[in-house]
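Next up: a single chain in structure tokens, the form predicted on its own.
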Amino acid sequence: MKEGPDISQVAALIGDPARANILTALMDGRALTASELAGEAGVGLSTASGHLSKLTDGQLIRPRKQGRHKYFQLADDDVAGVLEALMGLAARRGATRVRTGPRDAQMQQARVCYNHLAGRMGVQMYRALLARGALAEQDDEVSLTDTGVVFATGFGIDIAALRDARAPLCRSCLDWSERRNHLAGSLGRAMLARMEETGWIRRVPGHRVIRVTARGERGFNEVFGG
């Protein structure tokens, strides 16, 4: 018997087309109902319920109850990171969807990756933070420096509150379209939320695409370079 983790179990869960559609639908951080996910997967509700049960048992998603409704979300950042990496691998191997359109280009410019900024803008922000010494990389680890604390605080983010939470403060996530890192973790989520609060960006309902406002374009270029 081989030693170590059995990747075949996780791969089998992700490898089913309907389950893959369910997982990618949850990549924007939303919590969706079984009916909504059935529509995303292109299957009936009873079939979707079976898939959701398997994904829950495999700890790739987690259910949440609110009132009479039950919602599903990705389990954590680790799952989102694996999905993002698989998207990159699929793109490099030519495994792309047949139908393309304007949103494909928009997705590569700016999109949500489990509630943090991805695409060219996400990579640009990450590289700018590294260049100014706000982030430090060592091997596969990324951390917030003292300079970064000053920057993030000035940007309107409560770093103390983020550090009190259980989630990792900083994580790097390999961007599937750019093939370089963007910022994940609680700081990445807080940065995206702050850009939304200040009117720099707007989410497209029901999609991972992010629309950048004129104000946001100016502000982003001023802070993170054009």
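Residue numbers here begin at 1 and follow the sequence given. Fair warning: this is a prediction, and the values are worked out from it, not measured in the lab.
One more form of this protein exists, namely the form predicted in complex with the DNA; it is left out here, but the text below deals with it.
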| property | result |
| --- | --- |
| Heavy atom of each of 43, 46 and 49 within 4.5 Å of the DNA in the predicted bound form | yes |
| is_contact(residue 18, the DNA) in the predicted bound form, heavy atom dist at most 4.5 Å | yes |
| Contact label in the predicted bound form: residue 54 to the DNA, heavy atom within 4.5 Å | yes |
| Any non-hydrogen atom of residue 170 within 4.5 angstroms of the DNA in the predicted bound form | no |
| Contact of residue 181 with the DNA in the predicted bound form (heavy atom, 4.5 Å) | no |
| Location of the DNA contact in the predicted bound form, chosen stretch of 182 to 190, 60 to 68, 156 to 164, 195 to 203 [non-hydrogen atom, 4.5 Å] | 60 to 68 |
| Direction of Cα pair change residue 66-residue 185 in the predicted bound form, magnitude 3 angstroms or more | closer |
